[in-house]
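Single chain ahead, by itself, as structure tokens, in the form predicted on its own.
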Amino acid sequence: MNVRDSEHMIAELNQKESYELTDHLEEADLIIINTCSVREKPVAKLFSEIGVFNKHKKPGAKIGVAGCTASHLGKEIIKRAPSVDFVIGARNVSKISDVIDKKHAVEINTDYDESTYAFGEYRSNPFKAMVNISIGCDKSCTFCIVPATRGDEISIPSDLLVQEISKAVAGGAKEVMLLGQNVNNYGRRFGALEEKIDFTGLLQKISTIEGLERIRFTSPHPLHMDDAFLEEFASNPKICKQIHVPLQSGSTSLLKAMKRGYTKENFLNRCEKIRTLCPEATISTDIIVGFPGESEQDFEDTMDVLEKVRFEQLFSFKYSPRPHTEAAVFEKQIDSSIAGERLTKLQSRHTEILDEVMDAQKGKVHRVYFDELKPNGRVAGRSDDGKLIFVQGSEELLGKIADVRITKTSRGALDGEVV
């Protein structure tokens, strides 16, 4: 999402202000730091980054802070770092041209509706398109700051999405990544235009776009994974067989404290349904360890889900108290060393599972969409189920889909040869 927001800002500045990107800091007239605030560490890093840029930038160059940390800290950023020229929140990206010339401008309105705003065209990779299908979040997870920084959820009208994706396809993209805090909650609320369509209907509508060959999406919410959605995921040949199912915890009592809306059993049922309907699918997840009140048994429930589902990819973190969240003031905050031990145990076991999954790929053939040149005469792409695969080749492979036989495996990627 932040990458797409950055692309939107670049597009607006290219189109309205005649700015262009530079790889050299000393040439920059404008430096924008786009931020995340889901965890504490990136927020702390922001101020050291500002100091580095202020020290090395050329005289007169402006520094702006954008994104979720901008939304929740606002004027505080300028108080702590007066060298910052403007602050623009995650819900106000379209206002970038308005703020760059207003000294110490702060635009952080989380009620602002950009759902029908037509951004200019810019994509960092012409072979695949990232497209926001909604903005904001209507969930109230007790650990998460996002609703406070991105506002209430609003879906972007489906006709506008078809237009945007069609334009990207005409420009060479064969793959689209649909983005939203909870993509499968799509259609719950629209801004100016009302229509009756849910995420399953949107997937069906997007699938009719000629020239679009692959559809990915992130992140769906386990709560909205009804049978109709999972059947569409499994049966639609354009939908890539890779799905992110954020667990957060395997403990039903902790899930209740997190306000996730499902139980351990619900979650396992949905994953079992995916494996039954679509055995070739890969499932990734998010897990938080050390959430307030987490007992050894709660953690063992999480480990149990890991064993039962055997996630192909795992994004795992120690719980980080965030402002504007209920859990920040919960009793029974877990000691960092205990949380660290649990995280190490979780990640170590997942590493073993991942090694088994990847080692089993040797000799298999995958359909790979090549979209990136790499050093040493290599080209990278992803299989339908999301595995990163490298082959020897040149730019002639870019934008093409080809069968690749895997010749070498590693934990993070696979090597192969086109067959």
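Small disclaimer: the values here were computed from a predicted structure and weren't measured. Each residue number is its position in the shown sequence, starting from 1.
Although not depicted, the form predicted in complex with ligand SAH is the subject of the following passage.
Novice: Within 4.5 Å, heavy atoms only, which of 115, 242, 200, 181 is in contact with ligand SAH in the model of the complex?
Specialist: The residue from 115, 242, 200, 181 that makes the contact is 181.
Novice: Identify, from the list 152, 232, 286, 226, the residue with a heavy atom within 4.5 Å of ligand SAH in the model of the complex.
Specialist: Looking at the other structure, the residue within range turns out to be 286.
Novice: Quick one: find which of 302-310, 246-254, 67-75, 157-165 has residues within 4.5 Å of ligand SAH in the model of the complex by heavy atom distance.
Specialist: Flagged stretch: 246-254.
Novice: Indicate whether ligand SAH has at least one heavy atom within 4.5 Å of a heavy atom of residue 127 in the model of the complex.
Specialist: Residue 127 lies outside the contact set for ligand SAH.
Novice: Tell me, yes or no, whether residue 274 is in contact with ligand SAH in the model of the complex, where a contact means a heavy atom of each within 4.5 Å.
Specialist: Looking in the model of the complex, residue contacts with ligand SAH do not include residue 274, since no heavy atom lies within 4.5 Å.
Novice: So, residue 216 and ligand SAH: in the model of the complex, are they within 4.5 Å at any heavy atom pair?
Specialist: No, residue 216 is distant from the partner.
Novice: With a 4.5 Å heavy atom cut-off, would you call residue 333 a contact of ligand SAH in the model of the complex?
Specialist: No.
Novice: Determine the residues of 137-176 with a heavy atom within 4.5 Å of ligand SAH in the model of the complex and present them in sequence order; the list may be empty.
Specialist: Result: 143, 144.
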